[in-house]
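Below, in structure tokens: the form predicted on its own, a single chain.
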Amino acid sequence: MSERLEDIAIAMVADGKGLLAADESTSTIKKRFDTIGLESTETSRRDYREMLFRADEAMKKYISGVILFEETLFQKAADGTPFVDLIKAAGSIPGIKVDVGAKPMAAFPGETITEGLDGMRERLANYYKAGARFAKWRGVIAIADGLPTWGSIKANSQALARYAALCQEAGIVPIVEPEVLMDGAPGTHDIARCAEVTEWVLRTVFTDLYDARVKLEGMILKPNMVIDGKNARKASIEQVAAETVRVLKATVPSAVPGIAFLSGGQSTEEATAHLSAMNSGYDLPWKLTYSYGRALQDTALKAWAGRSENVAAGQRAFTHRSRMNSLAATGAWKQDLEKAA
């Protein structure tokens, strides 16, 4: 496979394929495991992720790349095969989450700044050696009374741009993820407010990417969809699709090869329906696909429930969700396909 950034980026958004976000931090995966009453240990985390990575049909047909947590990048399957090799054998690209999380931003109550730039050049060199060919950094923007502030948007945007430049220097495609939260407190904003903030954020991010000399052809954007707050949900599927496409067309240069959405608090099926509506009704200059965590994994996690005898059931659930999202990435998803399963 070519190692050019542009080629890797194009492979990440190949037709009908999307990214599996399996980069939950140890604390996040513990919360997920709590819901099925499973203790989070290095072994249980390994077993769960191995179940996903060995779901052959899903990995080969529907998953272009996997975002890993650092532990998982260096982890081996139960039989000693490195996870990176399992992922590559399925024709999928290993990736790595490189930020160390959103921390409270000094002097900006209610807002966060993502940390992790210190020492990143050296870490990226190690991740590249370990097989990672793309990375992810998430900046988090909250909508509330008087928020977001320009200071918080600008600081997060510049951090994303610095990260992206370091990745490209290391031969790694950056996923640039500015997430305007739908599920932050109080979560009562309407879709128009989300559209306004998302547009402001994306305009800022692309200005900073340009200033940091980031090559747009060698990156992927991972934005939120334009959607009302989680405690004010009224917008229809068509409305979410129309507003999201409008904002993206106003802000994202056509040089960017693809946009892979986060699911960000949407239900599993909702995230699929919204993506399909965007891909079936609009003429778009970039590929639109998925980079889902919970929306690809939730049903699989519940079906598996931490038991080895349920591995096949967990893999079937994961394969079904991957297939539904693959259809959505080509605009061909239909609600009745969910029932058929």
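Numbering starts at 1 and runs along the sequence shown. All figures in this text were calculated on a predicted structure; none of them were measured in a lab.
Absent from the display: the form predicted in complex with a small molecule. The rest refers to it.
- Among 261 to 269, 68 to 76, 241 to 249, 143 to 151, the region lying within 4.5 Å of the small molecule in the model of the complex by heavy atom distance: Contact criterion met by 261 to 269 only.
- Query: Honest question, do Arg45, Glu50 and Gln315 all end up within 4.5 Å of the small molecule in the model of the complex by heavy atom distance?
  - Reply: Checked in the model of the complex: no contact with the small molecule for any of the three.
- Contact between Arg294 and the small molecule in the model of the complex at 4.5 Å, heavy atoms? Yes, Arg294 sits close enough to the small molecule in the model of the complex that at least one of its heavy atoms falls within 4.5 Å.
- For His189, is any heavy atom within 4.5 Å of the small molecule in the model of the complex, or not? Close contact is absent here: in the model of the complex, His189 is far from the small molecule, nothing within 4.5 Å, heavy atoms only.
- Might Arg133 be said to contact the small molecule in the model of the complex, defining contact as any heavy atom within 4.5 Å? So Arg133 does not count as contacting the small molecule.
- Query: Can any non-hydrogen atom of Ala329 be found within 4.5 angstroms of the small molecule in the model of the complex?
  - Reply: Residue-level check for Ala329: no, no contact with the small molecule.
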